[in-house]
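Before any questions on binding or motion, here is one chain by itself as structure tokens, the form predicted alone.
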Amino acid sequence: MNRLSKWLDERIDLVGIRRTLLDRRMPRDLTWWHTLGSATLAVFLVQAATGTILAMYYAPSPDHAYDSIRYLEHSVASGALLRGIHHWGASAMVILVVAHAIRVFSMGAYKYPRELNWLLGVALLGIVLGFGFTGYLLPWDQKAYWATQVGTNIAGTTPVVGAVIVKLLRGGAQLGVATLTRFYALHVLLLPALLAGIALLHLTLVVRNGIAPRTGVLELNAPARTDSPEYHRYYAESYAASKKAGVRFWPDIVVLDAVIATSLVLLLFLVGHFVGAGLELPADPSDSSYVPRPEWYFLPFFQLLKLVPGSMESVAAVGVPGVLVLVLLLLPFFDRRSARAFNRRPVARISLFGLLGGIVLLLGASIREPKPTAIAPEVGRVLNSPERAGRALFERQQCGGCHIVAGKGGADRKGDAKDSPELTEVGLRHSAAYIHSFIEDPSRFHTGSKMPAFGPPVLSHQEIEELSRYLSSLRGKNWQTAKEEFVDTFPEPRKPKEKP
């Protein structure tokens, strides 16, 4: 081992690396809040490890993506656990990156000489949110499909380049094979490479400039502004004195980082095991009744868009995040006062508390809203694919204008439409085959019926079959115990007219 160590030291300078990384002095009085950066790195390593294993079983195509997830969860040893850890690790990454940014902002650690590190941190925050967005679509379930549909539509509201952005994200006009392939490539190739590269540069600057000390160390008799030469000399002397009276990175700081990292990994293991990641029904592009609901960290923005008028939606969708990102990027350059303590920066306090308060209020309002459910209330259960397609067709054809279903509809029941039967329990009286034939030509069953015929070419046989499947599922509020009493009476086939 000694010969190996000597051989490596001659080539890569092991002693110099150890001296630079482990033997360096750190400012005194560092707190647990200073471990947020290393905690984020630990969770990223967990995400990289679990994501690599998950990618070995994932098939990035609409025909096989959902099935590959189900196979992973039910047939692969610890597959559900790995997916649960990866799912909750994404939330942990968002929480830790945001908490780290808040800590840096509240301590004024974005000021000289750490301006570049702050910019890299803003980029890392954007990449982490990009991970969350691109990871949406991969399970290819209802939530994945429709949340991505809404997200790409929001991106499409960007002035001038909106249509180009949507086409680049989707790979076409609609979500499909190209979209899933692109999101998969972004999620497992481009974004990890960007995050690893920027994080490495971020850590290099942390080693180069050192961890920001507590605010009081850099405020005693400090010059008024950080861009003055006097402040640069003051900072170098004050920081050197703080490091001289501080602690070693190894083992004092490393122990704190290790405790936090171990606790987080254990927490992710417990949540992944007992809660899991969840999986909804397979994606159904024809189910226009599904109400999309993004992950919790996008809910405040999602709720904000609900509150603005339709004419202002594009302004809010692009303007709010755009202004916020611009302010974060310019912050180190327009705030050059030497004051770093949070209680000496009233504008910073008002801005941070206002932003966090608004986010909490929007998140609370979104959580209090009734959660979307896959259960159709008029049916009382989850609809299968043909029934969902029939329900969407029922709405597109505006059948509810004449027919009442579970107390809704019938707004246009005027004149002859008043005789339109209520369909709340039509599935108890008629079979799907009867309903199919009736929809094709109602006059065959009731002479003088005012209901128009919907047979081809108005609707195809497939569309009529889907509509009849949906209508036959309507069995009232007591659908679980109600018994069918079909009164199907098929008329005699019409005889062809005799030629004169």
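These numbers come from a predicted model, not from an experiment. Residue numbers here begin at 1 and follow the sequence given. The term rigid core refers to the maximal set of C-alpha atoms that superpose within 1.5 Å between the two forms.
From this point on, the text means the form predicted in complex with a small molecule, which you will not see here.
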Can all three of 398, 430 and 452 be found with a heavy atom no more than 4.5 Å from the small molecule in the predicted complex? yes
Look at the stretches 27-35, 42-50, 62-70, 464-472 and give the one with heavy atoms within 4.5 Å of the small molecule in the predicted complex. 464-472
Does residue 54 reach the small molecule in the predicted complex if we count a contact as any heavy atom within 4.5 Å? no
In the predicted complex, does residue 120 have a heavy atom within 4.5 Å of the small molecule? no
Indicate whether residue 421 is a 4.5 Å heavy atom neighbour of the small molecule in the predicted complex. yes
Using heavy atoms and a 4.5 Å limit, would one call residue 403 a contact residue for the small molecule in the predicted complex? yes
Consider the chain as shown here, without its partner, and state which of 271, 426, 222, 125 has a heavy atom within 4.5 Å of the small molecule in the predicted complex. 426
From the list 394, 131, 183, 145, which entry has a heavy atom within 4.5 Å of the small molecule in the predicted complex? 394
Is residue 199 one of the residues whose C-alpha moves 2 Å or more between the shown form and the other one after the core fit? no
State yes or no: after fitting on the rigid core, is the Cα displacement of residue 57 between the shown form and the other one at least 2 Å? no
After core superposition, I'd like to know whether residue 108 moves between the shown form and the other one (criterion: C-alpha shift of 2 angstroms or more). no
In the predicted complex, do the Cα atoms of residue 280 and residue 427 sit closer or farther apart than here, given a shift of 3 Å or more? closer
Shift in CA distance, residue 148 and residue 390, in the predicted complex relative to the form shown here, given it is 3 Å or more: farther
